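There is one chain below, alone, in structure tokens, taken in the form predicted on its own.
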Amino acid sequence: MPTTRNRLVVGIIYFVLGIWALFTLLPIYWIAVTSIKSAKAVQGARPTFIPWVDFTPTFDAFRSIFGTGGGYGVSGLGNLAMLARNSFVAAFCSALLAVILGSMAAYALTRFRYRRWRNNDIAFWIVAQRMFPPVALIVPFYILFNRLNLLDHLSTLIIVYTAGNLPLVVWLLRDYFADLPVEIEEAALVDGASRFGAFFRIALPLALPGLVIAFLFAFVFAWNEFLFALTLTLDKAKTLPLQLAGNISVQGTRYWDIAAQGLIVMLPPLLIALFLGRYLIRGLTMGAVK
């Protein structure tokens, strides 16, 4: 039977978790409520929080986004589809490339010993690239891709996002490959498999949870990226986060449009967190248990 002290501890834990859940979900609720407000309700003298009690809900912001009227925005469905396509292509392709290259680098760091530089030194150098402030790379990247005539191209975003997420992928996958039993690969090599065959047929299938986690992290980071997309794109390769900043105009900030578009932008990461949360936790902890 649980004692009074144990029940008190459990009650305190649930109370703290409830406060933290409220603190976490309140911004999402605010965005959802603001997206169904009218301009008058948003700019009113007092704040409103409860639909049908404090204000009358309206879908004018979503009509504006999808080009069916409302008079609040100028994006339209065509532009939104292009922005969503650009964001998805840049995030998906860069995450896929980062996982392909990162898995090879992580496998090499756990299976080979380098003489001139130690493996740990190489791994630290790769991870250290993630610590580099992105704002310090803006001018060099702009000059480089401007000389190559690659500004406002999706390929530019894919290259930059791949380079930015590669250290994270190597760091995540290195522990996965280190935990895999080497004897299985050695048995495959004895049976005549090449090193590449052992990597693709043995190591990669066993490290599949880590590959999925690394891909999801790289995808979410690329999906939410703003600074490089702002500097290296103009119109054709524009992404969804840039559209949110574009709602600030000389007429003021259109919070209703920002909230409606924010819901669309946060939808993929939110679905990943809701439906793949337990797999994310499992994938992150598997490589950390020795």
Partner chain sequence: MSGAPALAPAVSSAVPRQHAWADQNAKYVFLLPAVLYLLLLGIFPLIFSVYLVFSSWQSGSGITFVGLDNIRRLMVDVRFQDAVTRTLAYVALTAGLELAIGLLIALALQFATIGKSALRLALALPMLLPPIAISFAWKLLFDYNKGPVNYALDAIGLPRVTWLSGQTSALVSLVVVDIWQWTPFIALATLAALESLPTEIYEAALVDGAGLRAVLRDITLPLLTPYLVAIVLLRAVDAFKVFDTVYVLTGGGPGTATELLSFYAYAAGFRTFNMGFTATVAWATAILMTLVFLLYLRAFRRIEEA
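Residue numbers count along the first chain shown, from 1. The term rigid core refers to the maximal set of C-alpha atoms that superpose within 1.5 Å between the two forms. None of these values were measured; they are calculated from a predicted model.
Note that the form predicted together with the partner chain isn't included here; everything after this is about it.
*Taking the shortest heavy atom distance, is R130 within 4.5 Å of the partner chain in the predicted complex?*
Answer yes; at least one heavy atom of R130 falls within 4.5 Å of the partner chain in the predicted complex.
*Report yes if any heavy atom of P51 sits within 4.5 Å of a heavy atom of the partner chain in the predicted complex; otherwise report no.*
No, no contact at 4.5 Å.
*Check whether N79 has any heavy atom within 4.5 Å of a heavy atom of the partner chain in the predicted complex, and answer yes or no.*
N79 lies outside the contact set for the partner chain.
*Taking the shortest heavy atom distance, is N224 within 4.5 Å of the partner chain in the predicted complex?*
Yes, N224 is a contact residue.
*Can you tell me which bits of 97-117 touch the partner chain in the predicted complex, meaning any heavy atom within 4.5 Å?*
L101, M104, A105, Y107, A108, L109, F112, R113, Y114 sit within 4.5 Å of the partner.
*Does the C-alpha of A61 move 2 Å or more between the shown form and the other one once the rigid core is lined up?*
After core superposition, the displacement of the A61 C-alpha between the shown form and the other one reaches the 2 Å mark, so yes.
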